[in-house]
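Presented as structure tokens, the chain that follows is alone, the form predicted alone.
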Amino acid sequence: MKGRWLSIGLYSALALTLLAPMVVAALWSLVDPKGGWFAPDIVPRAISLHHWQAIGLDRSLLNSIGLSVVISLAVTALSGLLALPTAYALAKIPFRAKRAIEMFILAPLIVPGLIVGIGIGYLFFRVGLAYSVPGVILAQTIGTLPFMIRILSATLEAIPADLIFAARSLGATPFKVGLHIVAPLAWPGFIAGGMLTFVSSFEEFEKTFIVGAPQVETLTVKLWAVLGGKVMIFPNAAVVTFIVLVPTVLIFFLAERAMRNDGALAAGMGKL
């Protein structure tokens, strides 16, 4: 009985925090511009696909979607490449101040993104990386790297050290050990970290806006522009919001399916 009430409470909280805002956003995206939506009406008096059609005709939106996907894929690949050595050291090599290093790695998640963006924005401006796609990729990697390191380190901890020692005793070089043993066994961690990294990069705004805007217009920067500056255009913003949510919901659905079938992947996600 207690578990039943706990489940009801959890699902109610989920409905209030996730489903309710999505329903409101869906209604705003369907508001008929001729009638509007004003109090005390609970729902719009008339619905229309006008705003969806207007956004669909905006060619810059397709460019923003494509650019966001390309940047997110690049950030995911770069984060995985940079995270593997650090994650292996944290998981397999004993050294002093390991806990302090782990806390330092989490610093980009603790410090507000706006502060990080201002700091790296000034630096990138001095070195010529501001207002460029490579600069945005590097800026976003700073924020996503902790996810990948933490998840990979959890996955690498589960790899038996005997396998590595046996391969080394049989003459395998460190490169071959990493390529043929560590990388295949750490693949679930790459998948879990890659999913979170892709979503985090796709939804990133502060660092992208400070470092790249207006030349680099990702989907989140486009959403900010659609809001209309000082006057919010709720229907248009609601349409773009749904477009931003699609990959997020899809990836987390795939992650849930993967964690159901792979204990190592679940362990990697739980490390966060």
Partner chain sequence: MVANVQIIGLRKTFGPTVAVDDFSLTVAEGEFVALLGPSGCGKTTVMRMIAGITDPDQGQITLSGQRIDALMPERRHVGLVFQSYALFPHMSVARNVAFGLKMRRQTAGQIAVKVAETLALVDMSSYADRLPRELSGGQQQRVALARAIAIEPRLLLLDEPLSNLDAKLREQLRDDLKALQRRLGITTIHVTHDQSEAMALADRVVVMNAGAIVEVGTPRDLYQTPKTRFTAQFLGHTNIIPARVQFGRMITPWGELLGAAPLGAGAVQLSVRPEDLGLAACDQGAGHVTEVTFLGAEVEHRIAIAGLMLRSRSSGRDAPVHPVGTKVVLSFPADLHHLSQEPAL
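Here, rigid core means the biggest group of C-alpha atoms that superpose within 1.5 Å across both forms. Numbering follows the first chain given and starts at 1. Remember, predicted model here, so these are calculated numbers, not experimental data.
We do not show the form predicted together with its partner chain, though everything after this point is about it.
- Although the partner is absent here, residue 167 lies within 4.5 Å of its partner chain in the predicted complex, judged by heavy atoms.
- For residue 181, a non-hydrogen atom is located within 4.5 Å of its partner chain in the predicted complex, even though that partner is not displayed.
- At least one heavy atom of residue 163 is located within 4.5 Å of its partner chain in the predicted complex.
- Taking the partner from the other structure, its partner chain in the predicted complex has a heavy atom within 4.5 Å of a heavy atom of residue 185.
- The partner is not shown here, and in the predicted complex the stretch 125-142 never reaches within 4.5 angstroms of its partner chain through any heavy atom.
- In a rigid-core overlay of the protein, residue 134 has its C-alpha displaced by under 2 Å between this form and the one not shown.
- Residue 178 is among the residues whose C-alpha shifts by 2 Å or more between this form and the one not shown once the rigid core is aligned.
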